[in-house]
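Presented below, as structure tokens, is a lone chain in the form predicted alone.
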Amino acid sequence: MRYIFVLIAALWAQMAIAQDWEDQRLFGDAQAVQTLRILSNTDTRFFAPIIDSFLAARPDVAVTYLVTGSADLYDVFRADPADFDIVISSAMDLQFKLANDGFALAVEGTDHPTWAQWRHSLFAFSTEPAAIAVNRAAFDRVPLPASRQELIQALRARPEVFRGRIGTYDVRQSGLGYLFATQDARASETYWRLTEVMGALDAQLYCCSGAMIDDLVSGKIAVAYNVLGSYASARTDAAAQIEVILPSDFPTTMMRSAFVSRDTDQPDLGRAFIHHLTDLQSDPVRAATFPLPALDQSGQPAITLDPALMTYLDRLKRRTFLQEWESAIIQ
């Protein structure tokens, strides 16, 4: 048995070398009887409490948690779905496509809202808005923008302050960034005007919210557009430096979701984790310490789990959108 564990550890070591993970962490005992393999684009610090609470009653289980970008996650999983047991991502469209294409195992018996799941196989567990985050120093003695239109006006009024100091996703590389951008574009033409203004001011392009927020806190950039509000609000160390604004004109809100891989060799353990994840928020005591924004039970979010999510995954539509985006942002 010891030789089996050594072989498994060696295989995971080879995989870690082949894939450039943003983070990788083992939770629990390395000699555990079962190891749940989770592929995710959620920062470890946000998801660790959920894993810890799952393992608290399961001393015979360990969790390998692997973090990569949302677009890479889709490609890595699709290339070999048997390598992972659980897949977690904020890119709702890519998650929906994987589930719709049959890569997700059915999990029955969850007491979960119908609007927050798809065919008992894909389960949303957080409601998180895209936000405009700003460094307060750049808006000293001037009003903070409350909407995208007001942000456009603020950028045009003082281009010398914001040139080279606006951050947003590189939607060619970020699955979540692409989702936010396409949903913004569907909602209003204001998105394209804002993108052109940001492009004219030499916007800086990022892979992920964390990197944008780090540069916002340091003052390297003054505005982060469509950054995850949950990640920005969690930076309590920088509460005096940054302001998180939820645009008043229209909301762009995604739901982070999870599913069990169709090809897992541990289906019961995978299903148990999904039950744990969805049950957390139905327990008032545990819900109070949930590390991510809980599902908004007041109504359906702006972006829902339905086939319309896949509209901009069509190759022609994606190519056309990226061409328009490049023309606007790269000037």
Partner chain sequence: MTEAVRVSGSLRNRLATTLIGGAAVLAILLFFVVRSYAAQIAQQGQDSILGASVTSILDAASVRDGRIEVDFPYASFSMLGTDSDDRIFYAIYQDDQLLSGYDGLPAVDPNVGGDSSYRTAEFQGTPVRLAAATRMLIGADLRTQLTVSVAQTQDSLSGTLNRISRNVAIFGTGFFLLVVLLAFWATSAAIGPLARLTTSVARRGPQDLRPVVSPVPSEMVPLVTSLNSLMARLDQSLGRSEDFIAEAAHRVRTPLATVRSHAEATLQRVDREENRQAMRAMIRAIDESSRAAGQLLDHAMITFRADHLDRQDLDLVDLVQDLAVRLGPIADMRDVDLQVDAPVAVPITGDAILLQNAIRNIVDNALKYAPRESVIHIDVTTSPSPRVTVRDEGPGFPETEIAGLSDRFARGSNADGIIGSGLGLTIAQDVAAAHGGALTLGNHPKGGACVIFSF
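Owing to the predicted nature of the structure, the values given are computational and were not obtained by experimental measurement. Positions refer to the first chain, counted from 1.
Omitted here: the form predicted together with the partner chain. The next part is about that form.
Shown alone, this chain has one stretch from 234-242, 155-163, 179-187, 127-135 that lies within 4.5 Å of the partner chain in the predicted bound form by heavy atoms: 179-187. When the partner chain is considered in the predicted bound form, only one residue from Thr253, Asn100, Thr110, Gln149 comes within 4.5 Å through any heavy atom, namely Asn100. Among heavy atoms of Gln117, some come within 4.5 Å of the partner chain in the predicted bound form. Shown alone here, Arg25 lies farther than 4.5 Å from the partner chain in the predicted bound form, counting heavy atoms only. Looking at Gln323, you'd find a heavy atom of it within 4.5 angstroms of the partner chain in the predicted bound form. With a 4.5 Å cutoff on heavy atoms, Thr311 counts as touching the partner chain in the predicted bound form.
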